[in-house]
Each structure stands twice: as structure tokens, then as C-alpha cells.
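Only one chain is given next, in C-alpha cells, and it is the form predicted on its own.
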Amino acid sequence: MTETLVKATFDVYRYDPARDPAPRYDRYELELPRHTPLLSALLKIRAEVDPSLTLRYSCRSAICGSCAMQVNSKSRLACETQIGPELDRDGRIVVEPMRNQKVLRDLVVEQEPFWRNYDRIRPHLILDPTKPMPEGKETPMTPAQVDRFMETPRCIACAACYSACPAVEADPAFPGPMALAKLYRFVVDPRDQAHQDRLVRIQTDGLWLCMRCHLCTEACPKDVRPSERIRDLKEMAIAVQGATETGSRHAVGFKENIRERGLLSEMKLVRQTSGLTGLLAQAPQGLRMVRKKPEILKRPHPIEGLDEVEKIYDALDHPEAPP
């Protein structure tokens, strides 16, 4: 039986900084089976149409993460992205390099910042020098201890989350979702002796720059769910050190603010986040806001059903308790 072919249009980003004044998109048209992986299509283009096309790949089995790229504006692994669904949804396939990283040529990006941020979190076990691990012996873990790793061992460091992250784009100080997910992995490892120091360090080293958009979790091809691990890190950091800087004070203040009346008091939240000094520093902006929205000065009344809000908070504070 002859396999049905589809006519596929590929608009591929092309740019060689050493030669090209600006990026461009080259269009290629092929007839391929619907289930063809995008990576196979790109390699066919390079082999039969345009040998100058540059891309990065290795295992072709969704293990190495080398072939991550933007496919119709989404961070994907080219080796596991079939062309059929992309064509059905968008009518063509636009292939671009990963975002938040400098383009070296065509679909290949410079990953040095990505790996530098990874190194920042000290991605290795830190042991107590007074208690060396016994040589030649395993360190057993209980099932419960292993479960605390969550999905982090699945990460293949493909940088799809890094590419999708607006916080990385907005602030180079943000380590990126992958680095923080890896940090979580060592914080919960019972063999690691530096988990408290790790949590104290990360409080002021970019943790609270996360925008909580969850785009990293949507982009992750291995369901690591880095946004959830970042949330866990924030909770653990506050538990270890308290709300010691702007991001953590804002989070705690927001929680307490809503719990009190069920509504947000913006003036109170500014004071909880920045203190009296910060409140005074923002006075000019606050006056402009009051002129446009004078009701902001009114103290909100408790909402109806505040007891239901309290039940939600209790459930979140004590998830292990029976309903």
C-alpha cells in the first residue's frame, strides 16, 4: 500500500552574522508522509535542496535535547514533532532558532549563558567534609525520599523552557527554569548537606524574578514542570529564612492581605512589600494613582463568605489533613 504524501511548506529562519546584514526566511516545499519528524524534513532539505542549512542535532530520539528549536512559535524538539499536526493547525511550518540566545548561524544558538546559569546553582552534591561517603557502598533511599525528586530527573537540558521564558528575556539575572528545577533536585536530595545554604543563596540570586507565567512548563517536552518546582523552592526558601527580600515579602504580604478580608488592599501590600521607606519612595506615583482612583484609599470591607476563603487557606497550609 502506497503511503499518502502531503505537500509541506517550511519557512526556515536563515542568518549568518558573518555574511548577512539581516535575518531572512527561506521557503522550501516537500512532499512527505504526515508522520515525518520535522528533524527528518530539515535533514532532507539539507541533503537534497540546500546544503548550507545549519542546525544542531544528535540522538534523534528525544534524549539529547540538541534539536530544540521554535516550531510555529513554540519551543519543541524537532525529532519528535511530526509535520502533520503542525500543517493541520497552521497550514505551514515556520522554523526558527531558540529564543533568549544569540544566533550563531541559522538554527544554531550560543548556549553559553544557559550553561553559565546552570553552573551558578552548583549542580552537584555538596557533602559534609566531616562525614565522607563510605567508599564502595551505596547510599540507600526510601521510596518517599525518591518521590521528592518529582519529575526533575527527566530533564534533558534541551533549553526549551529557557527559550520560552519571558523572565530570562527581561532580566539576565534570572537563572532560568531549568537551572532552578535542577536546584530543587539537589535541595531535596537527602545526601546533599548544603540544602539550607542553597535556599538562602537563591533568595537573592534570581529566584523571585520568576513571572509565574508557566510557559516553561508548557514548553517542556519531558513534563518536568519547572514552574511547579520554582514554586516549591520559593516555599522552602521562605520556610528556611523567612520573607527577607522584596519578592518573598510581596508573596507573603499578598497571601496575608487576601486572607484578612478576601480583597486586596493595594496600599497595604506596598507597605508589606517595601516597608515604610519603600512606601515613601513611591509616594509620587501613589498620589497620581489616588487622583485617578481615589477609592484606593478606602479600607476594603470583608467579603461575604470569608469563611470559605479561610477553608481554602487551611487546605493549602495543611494539604495532608483529611477533608
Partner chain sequence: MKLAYYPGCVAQESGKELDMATRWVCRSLGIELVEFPNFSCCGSGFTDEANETLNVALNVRNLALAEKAGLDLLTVCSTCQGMLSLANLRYQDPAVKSRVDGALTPLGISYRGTTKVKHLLRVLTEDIGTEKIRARVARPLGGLKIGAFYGCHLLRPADELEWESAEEPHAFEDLLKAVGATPVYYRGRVMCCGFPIQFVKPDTASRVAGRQIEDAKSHGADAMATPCPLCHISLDAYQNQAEEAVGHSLDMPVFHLPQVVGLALGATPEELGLGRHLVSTAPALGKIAAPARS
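Rigid core here is just the name for the largest C-alpha set that superposes within 1.5 Å across the two forms. Numbering follows the first chain given and starts at 1. If you're wondering where the values come from, they're calculated on a predicted model, not measured in any experiment.
Just so it is clear, the following notes concern the form predicted in complex with the partner chain, a form of the same protein that is not shown.
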- So, in the model of the complex, is residue 102 in contact with the partner chain at a 4.5 angstroms heavy atom limit? no
- Query: Should residue 124 be classed as touching the partner chain in the model of the complex when contacts are defined as heavy atoms within 4.5 Å?
  - Reply: no
- Task: Decide whether residue 282 counts as a contact residue for the partner chain in the model of the complex under a heavy atom distance cut-off of 4.5 Å.
- Result: yes
- Any of the heavy atoms of residue 305 lying within 4.5 Å of the partner chain in the model of the complex? yes
- If you check 231, 185, 201, 120 against the partner chain in the model of the complex, which one has a heavy atom within 4.5 Å? 231
- Sort through 197, 128, 112, 90 and report the residue having a heavy atom within 4.5 Å of the partner chain in the model of the complex. 90
- Item | Interface stretch in the model of the complex with the partner chain - options 82-90, 133-141, 188-196, 102-110, non-hydrogen atom within 4.5 Å | 82-90
- Report yes if all three of 212, 235 and 247 come within 4.5 Å of the partner chain in the model of the complex by some heavy atom, otherwise no. yes
- Message: Residue by residue through 189-208, which ones have a non-hydrogen atom no more than 4.5 angstroms from the partner chain in the model of the complex?
- Response: 208
- Using a superposition on the rigid core, decide whether the Cα position of residue 311 changes by 2 angstroms or more between the shown form and the other one. yes
- Compare the position of the CA of residue 34 between the shown form and the other one after a rigid core fit and state whether the shift reaches 2 Å. no
- CA of residue 65, rigid core aligned, shift of 2 Å or more between the shown form and the other one: no
